[in-house]
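Have a look below at one chain only, the form predicted alone, in structure tokens format.
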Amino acid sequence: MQVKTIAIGCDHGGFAYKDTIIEMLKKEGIEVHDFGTDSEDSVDYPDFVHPTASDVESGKADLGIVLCGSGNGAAITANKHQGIRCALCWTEELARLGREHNNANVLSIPARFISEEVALDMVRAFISTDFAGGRHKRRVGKIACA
């Protein structure tokens, strides 16, 4: 999959990494839809994660990235969207496996628990890994509820 557009959203806990991630993505020639937040002022993560997930779900963005302090709230919120498979990751390998085995289309980053360097490595792995299909396709097909 050639990633052309990524949606990104975060709360105050993820704000410190967001601009660095956006800068890296733009250097890779990827268009970024930035849904905020734009400061470290306390905000509610669903206000920024829902628009990010909707952008991916609608096909306006190829993939999404959400960030909050633990990554949990952002991942839970994104996964409320029927067309989203959000993977909460804290290593580069988990980000790669989220795409390869689970066809994850949103990456959740726990900004208070990993370094900025690890976050960037995870994003690079996430956007450069394709879904393996095969036996994983059958499993992913069983995720959605009717």
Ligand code: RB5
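Just so it is clear, the model here is predicted, and its values are computed rather than measured. Residues carry their position along the shown sequence, with the first being 1.
There is also a form predicted in complex with the ligand; it is not shown, and the following applies to it.
In the model of the complex, the ligand lies farther than 4.5 Å from every heavy atom of residue 91. The ligand in the model of the complex is approached by residue 70, whose closest heavy atom lies within 4.5 angstroms of it. The closest non-hydrogen atom of residue 112 lies within 4.5 Å of the ligand in the model of the complex. Looking at residue 48, you'd find every heavy atom of it more than 4.5 angstroms from the ligand in the model of the complex. Per the 4.5 Å heavy atom criterion, the ligand in the model of the complex is contacted by stretch 62-70, the sole one of 31-39, 115-123, 83-91, 62-70. If you take 1-29 and check each residue for a heavy atom within 4.5 Å of the ligand in the model of the complex, you get 11, 12, 13, in sequence order.
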